[in-house]
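Only one chain is included here, represented as structure tokens and corresponding to the form predicted alone.
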Amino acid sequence: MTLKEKIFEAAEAVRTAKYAVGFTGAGISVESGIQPFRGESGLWNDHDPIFVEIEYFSKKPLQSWKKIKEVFYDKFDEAKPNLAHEVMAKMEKRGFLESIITQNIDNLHQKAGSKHVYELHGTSRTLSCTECSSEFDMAFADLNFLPPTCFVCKGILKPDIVFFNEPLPHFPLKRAKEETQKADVLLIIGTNAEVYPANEIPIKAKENNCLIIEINVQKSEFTDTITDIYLEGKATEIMAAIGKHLYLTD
């Protein structure tokens, strides 16, 4: 079967699905200029990930925050949703997609217009006080003065990103599991299935007889095990083609 035929098959599966859910990783945001964490061009090849270990942050918040600002926030401020994010938002608006489960912390799904997004690894949009647990929108923080401190108690603020050795946030994980149980089609985009426990979600979906569509530039651990329709290529190009079949893009 040609790629064109497989794209049509995937689009039809989404169109006729009773409950389609998206599952995204770093690969969907690469074309927005966001560096993936792993792989040949991964962040961890260029930076020692110690700055996002919770123990290091607790001991050296200033050093940690300097790297957090450089590696994450300076880039996120410039990044814009790409066509893949936009097509997923249009799919949700038209009723083709119920929700998105994402491993990303870049907020690009929300910027594109998606409403039901469950962020397994937290979000860069909010901060929490390490002392009194007060929560703040990122817009209130001035990252010219590091580390940012709480407006209530002057404690150190931490981004609501899941650091190494921290548990996943309860609510997104709970909702992700619930969405997986409901899904009859799971659209995987841009993830190599390397991070536990997020990588278990598509496996659970498959156990519930869910049809798995995978879009990746190269094969993942899912491809030859649980994937039903594998679409090899860039997320923007494949999603644009699927969007065209669904009359969402030109």
Ligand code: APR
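In this text, residue numbers run from 1 along the sequence as written. Source: prediction; values computed, not measured.
The form predicted together with adenosine-5-diphosphoribose exists for this protein as well; it is not shown, and the discussion that follows is about that form.
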Is Lys59 close enough to adenosine-5-diphosphoribose in the predicted bound form to count, meaning some heavy atom within 4.5 Å?
no
I'd like to know if Pro202 sits close to adenosine-5-diphosphoribose in the predicted bound form, meaning any non-hydrogen atom pair within 4.5 angstroms.
no
Any of the heavy atoms of Lys182 lying within 4.5 Å of adenosine-5-diphosphoribose in the predicted bound form?
no
Using 4.5 Å between non-hydrogen atoms, is Ser99 touching adenosine-5-diphosphoribose in the predicted bound form?
no
Which residue, Phe151, Phe140, Phe164, Phe171, has a heavy atom that falls within 4.5 Å of adenosine-5-diphosphoribose in the predicted bound form?
Phe164
Are all three of Gln103, Val217 and Gly233 close to adenosine-5-diphosphoribose in the predicted bound form, meaning a heavy atom of each within 4.5 Å?
yes
Residues in 169 to 193 close to adenosine-5-diphosphoribose in the predicted bound form, defined by a heavy atom within 4.5 Å, in order
Gly190, Thr191, Asn192, Ala193
